[in-house]
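As structure tokens, one chain now follows by itself in the form predicted on its own.
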């Protein structure tokens, strides 16, 4: 198959990003056209990715791996991009940040830049999930990071947005430096930046690969700093609450899921392809980070009263759950990680869509603003209930099956203690999720005026809700596809 065909998703997204930028420069303010172009680009890229299913080969001097594992993560990243584009169509910057009418108009008028950067971010995710070289991994992460920094600080006249972008940038710069330093260790011991070659050199090291543990494990820790930053796992999570709070809410939805799609995909690929010999060592490290992320995220979320900050700490806890699948190091571990990332993407974007409706109507991100939502908009309250229960892992929603899948993979690898900690944390998370449910259904509303849901947000929430319900009841078709992808990746590492 021709290389241009194999890279068709990336090519399509790049061309359309340039078209969107050019169109907005020539005919500014035509939001409907820009949104249409963006969604068409995402749709065509998805078709291109699906077309490569079953290919399983490396291209571009073995720097890019076109395989089923990457295809599924590409589709997850594209789904997140499309959903966030729908969220952005109806977003209005909060009233507390837009006192001046001219500033408010400026904040919502630069549409071309927003959608083009979204497409460029999607391109970086496409390369990241398929990266088979340390160099391409680093470049993809940095490209995704730069796009994310710009999106977080998109409201340039908003001090909170600017502050969030600066903090995000500073944390990202430090962790990127640590990551590339760790990569240099792996290059030093192997003389290569290709993941499979690194594994072969380490396996053939004399007198034994064990002699490299003193270099490889520090490298793993440093690399985990960079990957951990992208997926917001503790202790590399400090940026997320401020970035989530300061960014425009659609951007918050994007950075809560899209970098995780790329981050977890490349984290698993790097560890399982380049360092399978040391899986017992990095597996223990990942398990400890999972416990730290779950516990810290859930405990701090208990105290939050801002919906965006609460979802930020919830996101940290969710990263901890996903790490369980990586710690398991098995075909089922890969499958459970893939499944949970997809479910989390749909669920979290749905929750942020509800938050945008409330924010647009009341100009605030406080959880107290959800008071009486069941009376003002029963459908919206029900959808939020769906999303929260899925995040908590309550059946029959997909979040329950996702956690069950993760826990089963860990139990198969005798990680009973890790599953016990995860179950305790899942019970703990019920408190702050159900607190929002209590506010929506029990607390009296300050106003009885009905809340209207813009059509794009309704579409996004409807897709999310239907998907998590269907995947919770009928997960088998998706699991079969995921199992095929996991088997291909395990074969590479064997």
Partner chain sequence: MLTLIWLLPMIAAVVLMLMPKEQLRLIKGISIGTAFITLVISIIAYFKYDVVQGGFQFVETFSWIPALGISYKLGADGITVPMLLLTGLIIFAGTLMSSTLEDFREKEFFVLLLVLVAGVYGVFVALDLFLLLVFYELAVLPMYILIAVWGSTRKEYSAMKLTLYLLGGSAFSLVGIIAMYWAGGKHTFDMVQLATANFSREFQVFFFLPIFVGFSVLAGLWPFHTWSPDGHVAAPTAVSMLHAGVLMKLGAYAALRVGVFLLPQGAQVWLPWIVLLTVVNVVYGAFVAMSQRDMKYMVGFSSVSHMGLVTMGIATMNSIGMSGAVYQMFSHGVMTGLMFAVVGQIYKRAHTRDMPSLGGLLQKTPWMGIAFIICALTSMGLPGFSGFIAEFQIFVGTWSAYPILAAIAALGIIITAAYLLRVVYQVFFGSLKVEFEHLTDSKPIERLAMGLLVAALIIFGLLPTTMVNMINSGVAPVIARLTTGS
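A quick note: this is a predicted structure, and the numbers were derived from the prediction, not measured. Residue numbers count along the first chain shown, from 1.
Only in words, not in the display: the form predicted together with the partner chain, which the text now covers.
Across the proposed site, 332, 407 and 427 without exception bring a heavy atom within 4.5 Å of the partner chain in the model of the complex.
Scanning 375, 366, 205, 162 against the partner chain in the model of the complex with a 4.5 Å heavy atom cut-off leaves one residue, 375. The single contact residue among 142, 412, 157, 281, judged by any heavy atom lying within 4.5 Å of the partner chain in the model of the complex, is 412. Just one listed stretch, out of 55-63, 24-32, 451-459, 430-438, contacts the partner chain in the model of the complex at the 4.5 Å heavy atom level, and that stretch is 430-438.
Among residues of the shown chain, residue 416 is one whose heavy atoms approach the partner chain to within 4.5 Å in the model of the complex.
At a distance threshold of 4.5 angstroms between non-hydrogen atoms, residue 196 is out of contact with the partner chain in the model of the complex. Shown alone here, residue 442 lies within 4.5 Å of the partner chain in the model of the complex, counting heavy atoms only. In the model of the complex, at least one heavy atom of residue 394 sits within 4.5 Å of the partner chain.
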